[in-house]
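Given next, in structure tokens, is a single chain: the form predicted on its own.
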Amino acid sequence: MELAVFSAKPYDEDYLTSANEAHGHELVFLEARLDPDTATLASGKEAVSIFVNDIASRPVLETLAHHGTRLLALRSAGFNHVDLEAAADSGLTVVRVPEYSPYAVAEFTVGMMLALGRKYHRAQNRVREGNFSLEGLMGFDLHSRTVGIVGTGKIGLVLAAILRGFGCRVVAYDPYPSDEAVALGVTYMSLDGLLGASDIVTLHCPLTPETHHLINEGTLQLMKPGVVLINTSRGALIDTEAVIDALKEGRIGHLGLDVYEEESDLFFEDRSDTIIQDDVFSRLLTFPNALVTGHQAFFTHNAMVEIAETTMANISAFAAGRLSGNEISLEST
């Protein structure tokens, strides 16, 4: 099949090209992000592949379908950026990569906890400037801390196992509790109960209408003073302005973000020579107790291999008239 790959970075091209050797599809790599202005670039391509910040709205999907696209292949597990009703109306099949490396995201999350708790990033900057003072670098042990995991899918389960190894008490909230999590020693609670009991709160749930701004002014009030809040899932799980207010007031002691609700106009590009126009994001960067990274938690060799191989296998299954098992639709969500 002919495949147009949007938001293609050099690493995407390398991994997808390597994975395609076993499949033989015709790949066209496009640096542009998919949106209403770029959708016609896929004209004549039976399949289109997109990443997390591409726009798959109704107008975009209608344009793709009108120009011959039949398959939308996501290079991600999340699909909140896809209008599934419009995809169905346009006759488009949508497939995703349901899992790639839960270890990548879980380990990155623990890394954020350690960096914030022991101020690695601030310490390195000091040492590079010849400042070896320990003033202001007092940290805390992870051992014996209560960590609340919101969402115990594959990433949440891996994270729970790692944190149990650190000697943490792990509590969790999920509408569908996991027996595997319970076997690890995880205690399930209501969301309100988790927020009130946890020293560290970390988000690992999908973005849906129900979870949009899950962390907001009201839920922040339920958290312990000085709580550590981590989000490596989806940016819009957090009301950023409410979190900034909580940082200013000291209710949040440490904040770790690998995602941001308005990241589509920022992340995955080198903007070091430009002035960032997003005042909310710029405000986040002023807090010494906030660590912000650019959606890199997933970014390991293992994960990229899995994403590329699953994407190509999904396309081959569609071309052969088979189901890959990774199809998504309104009925399946």
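Numbers follow the displayed sequence, beginning with 1. Since the structure is predicted, the reported quantities are computational estimates derived from the model, not experimental observations.
Quick note: we don't show the form predicted together with a small molecule, though the next part is all about it.
- Contact check for residue 297: a non-hydrogen atom falls within 4.5 Å of the small molecule in the predicted bound form.
- Taking the partner from elsewhere, residue 176 is found to have a heavy atom lying within 4.5 Å of the small molecule in the predicted bound form.
- In the predicted bound form, the small molecule lies within 4.5 Å of some heavy atom of residue 210.
- When the small molecule is considered in the predicted bound form, residue 234 lines it closely, a heavy atom lying within 4.5 Å.
- The partner is absent here, but in the predicted bound form a heavy atom of 205, alone among 184, 244, 205, 220, sits within 4.5 Å of the small molecule.
- A heavy atom within 4.5 Å of the small molecule in the predicted bound form is found for exactly one of 116, 163, 150, 72: 150.
- Only one of 84 to 92, 163 to 171, 150 to 158, 126 to 134 lies within 4.5 Å of the small molecule in the predicted bound form by heavy atoms, and it is 150 to 158.
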